[in-house]
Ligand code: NAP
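The chain below stands alone, shown as structure tokens; this is the form predicted alone.
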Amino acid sequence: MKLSISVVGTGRMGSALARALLQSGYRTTVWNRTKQKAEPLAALGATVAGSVLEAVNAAEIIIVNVSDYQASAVLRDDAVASAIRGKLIVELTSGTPHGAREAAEWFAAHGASYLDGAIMATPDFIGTDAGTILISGPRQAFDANEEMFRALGGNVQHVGEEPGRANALDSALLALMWGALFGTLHAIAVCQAEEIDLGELGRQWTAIAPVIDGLVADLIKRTDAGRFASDDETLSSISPHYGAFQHLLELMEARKIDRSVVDSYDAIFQRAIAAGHLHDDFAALSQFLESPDKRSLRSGPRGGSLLAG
């Protein structure tokens, strides 16, 4: 017999999680602060709990997906806290690494197992082969319930024992996404200012996307290896990027396009150039998002990495 599971929080994502569990045959109880949001799941076979305590008592695994970690504090009510002993809490609320670590400590102190997760998908991907969820915390707890996690998505991954790892990766991957989305907004603004059809922008993006994907992969690989100095395998150094970037700044200034984001990029360029990196690989810029103390441990006299070998 499959385990009984409660889903705390039935917004769009929480409801998608509950539906996926129901479709896989799990006995599912749901609770939401606004009960009406949970009631449509009853028609699919879910039990709608009248309280968080009722939801916790009904299940062996409690999946939490609410607005933030502050909202998930509903599990820390004294009456609820006494009911979680021996159960598995799976926190799928978006949060911070330090928030996950603090929650893990609290639940451990109250006799519950704890896994923290980051959902890297929109609700329509939940329950599909392409659904990606990152899970961190005790590997044993993940392995023991892998079948349940596979019901939520075909690409559910355990990414480490340290409870904050999933949220840290979440923030890193979202930074990549927002960089692309804000970059797209800038591209749209430039095209509109220069009266270029956005369909043309879309066609040209399709053509250059593989080049950009390659640059991103190379940037990650070179930074991981500490290979900041230009070499025979360098795809792009800072100098030509900075020259072309100045043209973008001039265009945006002339067309009165908001420069607040790109001016921040310019500041990073300038810090790296002032430190002698103008002709180094673009990966050298990664050092200038770190604190100066950490950067001094990684860099040699002219900014070349001590780790470059």
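One-based numbering along the sequence shown. All values derive from a computational prediction rather than experimental measurement.
As for the form predicted together with the ligand, it is not shown, yet the points below apply to it.
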Ligand-site call, the ligand overlaid in the model of the complex, backbone or C-beta contacts under 2.4 Å, 3+ atoms: open
Are any of the heavy atoms in residue 37 no more than 4.5 Å from a heavy atom of the ligand in the model of the complex? yes
Taking the shortest heavy atom distance, is residue 123 within 4.5 Å of the ligand in the model of the complex? yes
Mark residue 209 yes when one of its heavy atoms lies within 4.5 Å of a heavy atom of the ligand in the model of the complex, and no otherwise. no
My question is simply whether residue 71 lines the interface with the ligand in the model of the complex - judged by any non-hydrogen atom within 4.5 Å. yes
Site check 236, 243 and 279: each within 4.5 Å of the ligand in the model of the complex by heavy atom: no
So which of 115 to 123, 136 to 144, 149 to 157, 79 to 87 is the stretch with heavy atoms within 4.5 Å of the ligand in the model of the complex? 115 to 123
Using a 4.5 Å heavy atom cut-off, which residue among 66, 41, 63, 56 comes into contact with the ligand in the model of the complex? 66
When the ligand is considered in the model of the complex, the residues of 20 to 50 having a heavy atom within 4.5 Å of it are 31, 32, 33, 34, 37
